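This document starts with one chain, in the form predicted alone, laid out as structure tokens.
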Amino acid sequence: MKEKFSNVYYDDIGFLTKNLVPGIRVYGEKLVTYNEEEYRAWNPNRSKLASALMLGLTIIPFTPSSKVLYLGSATGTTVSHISDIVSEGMIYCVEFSPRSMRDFIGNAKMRNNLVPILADAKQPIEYAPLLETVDVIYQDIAQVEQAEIVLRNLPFLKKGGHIMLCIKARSIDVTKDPNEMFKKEIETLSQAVDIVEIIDIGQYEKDHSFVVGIKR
């Protein structure tokens, strides 16, 4: 097993993260023991970040002490792996669906670096009092104005901090060419962010693209 990024490992079964809560699975993932430490297999069919990694993503901006704003945490699959990585940091997890948040809270109780926030990511003023300046904004939201939502939340991100955005073309306009939608969203992001990496993750998620940028 080799460490590919800070607290992100790789072996024959793919990418893994060291389990912050040994013995506990989040979504039925495989647990692997190596040198008396427990790791969680990161399923690329269940996590868009894992699929981007499998397809060659080279930038993972998380460190063990990172502070992260996660927009669209859903039930917590990808969040849980980022929680493993930022073991000494904090993740502020915004989710609009009460049902998803109920499921997510079960994971949050087990992990002391997760802050569940039931709110609309389009309205950051709703949760601004709960936040601090963050190092990374990660977004995975099936809404129309995906890049615009990142920009609305950008004041929480430090200068030089990273954004990680999964663009879901069909959630923006099902009638348009996905490549047109990707281009449009990237142009919107470029108003305030330098794009440094784009990965087509269509092999795992049809009509999806994964984008990494740095706040100017």
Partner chain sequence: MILITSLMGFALLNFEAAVEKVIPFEKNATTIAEMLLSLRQGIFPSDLQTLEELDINLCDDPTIADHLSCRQLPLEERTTYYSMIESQIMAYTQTSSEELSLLRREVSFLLVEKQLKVAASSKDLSISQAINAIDELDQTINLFTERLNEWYGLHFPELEKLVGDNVQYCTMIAQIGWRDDFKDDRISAAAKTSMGVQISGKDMHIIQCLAKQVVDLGKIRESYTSYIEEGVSAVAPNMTALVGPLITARLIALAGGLKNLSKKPASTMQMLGAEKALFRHLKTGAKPPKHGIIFQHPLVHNAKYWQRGKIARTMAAELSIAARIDYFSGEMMAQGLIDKLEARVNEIRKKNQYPPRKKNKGRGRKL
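Numbering follows the first chain given and starts at 1. Computed from a prediction, not measured in an experiment: that's the story for all the values here.
Note that the form predicted together with the partner chain isn't included here; everything after this is about it.
The partner is not drawn, yet in the predicted bound form one stretch among 54-62, 37-45, 179-187, 154-162 has residues with heavy atoms inside 4.5 Å of the partner chain: 154-162. Put simply, of Ala74, Val136, Met90, Ile141 only one has a heavy atom within 4.5 Å of the partner chain in the predicted bound form, and it is Met90. In the predicted bound form, the partner chain lies farther than 4.5 Å from every heavy atom of Ile82. Shown alone here, Met101 lies within 4.5 Å of the partner chain in the predicted bound form, counting heavy atoms only. Taking the partner from the other structure, the partner chain in the predicted bound form has a heavy atom within 4.5 Å of a heavy atom of Glu126. For Val86, no non-hydrogen atom is located within 4.5 Å of the partner chain in the predicted bound form, even though that partner is not displayed. At a distance of at most 4.5 angstroms from the partner chain in the predicted bound form, all three residues Ile105, Lys109 and Asn112 contribute at least one non-hydrogen atom.
Of all the residues from 130-154, those having a non-hydrogen atom no more than 4.5 Å from the partner chain in the predicted bound form are Leu130, Leu131, Glu132, Thr133, Arg152.
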